[in-house]
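What follows is a single chain, given as structure tokens, in the form predicted on its own.
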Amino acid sequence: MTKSIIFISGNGSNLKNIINKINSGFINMEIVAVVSNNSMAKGLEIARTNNIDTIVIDTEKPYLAIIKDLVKKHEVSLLILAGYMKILPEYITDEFRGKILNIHPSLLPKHKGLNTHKKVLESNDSSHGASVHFVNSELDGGAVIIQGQVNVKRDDTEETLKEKVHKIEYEIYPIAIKWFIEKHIELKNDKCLFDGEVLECPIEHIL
């Protein structure tokens, strides 16, 4: 069974969704630890409730050794960023290249970084969504695997867009994780391959 570590910073809604998908049998994976840069993150309680070890790290100090020890001890093959609000240092992205996934609330490459819902409204975009991508040293710059999108309506606000995009995230992230576990996707030469073929554009998930 694939072993994973999940990184969070806040409420852990994607963590909870992934746990639910594991419990339902959709994802054949074990979460060996939940790592957070925030000791007050509500997601840590979700982990503890599900008997998953939790670790709080100080990102002002190097933490490669902590992660490497976890990976070696538990034979971890996948790192999952689920609302982790710190940029991974290059020593992490280089060490685990091709083994880190992230969910980002925009249709990458548009609107990298923070405040994506606000950026969408300010740009008068007609569509919005979420992307799952491999992580590299560039902020939200890794190869995109799958995206889901929704139409932006005239009366949408940051809050309504956030709610819509969360629903997309809860659908596409477990799918991408499942694909990784079942070896359908891999990173090669900074490109995402699906069943050995380079994805020229992200797979579009129809909601």
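These numbers come from a predicted model, not from an experiment. Numbers for residues come from their place in the sequence shown, where the first is 1.
Heads up, the form predicted together with a small molecule isn't pictured, but that's what we're talking about next.
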Segment that reaches the small molecule in the predicted complex - one of 177-185, 50-58, 24-32, 163-171, heavy atoms within 4.5 Å | 163-171
4.5 Å heavy atom contact, K99 and the small molecule in the predicted complex = no
Can any non-hydrogen atom of N11 be found within 4.5 angstroms of the small molecule in the predicted complex?
-> yes
Are any of the heavy atoms in H104 no more than 4.5 Å from a heavy atom of the small molecule in the predicted complex?
-> yes
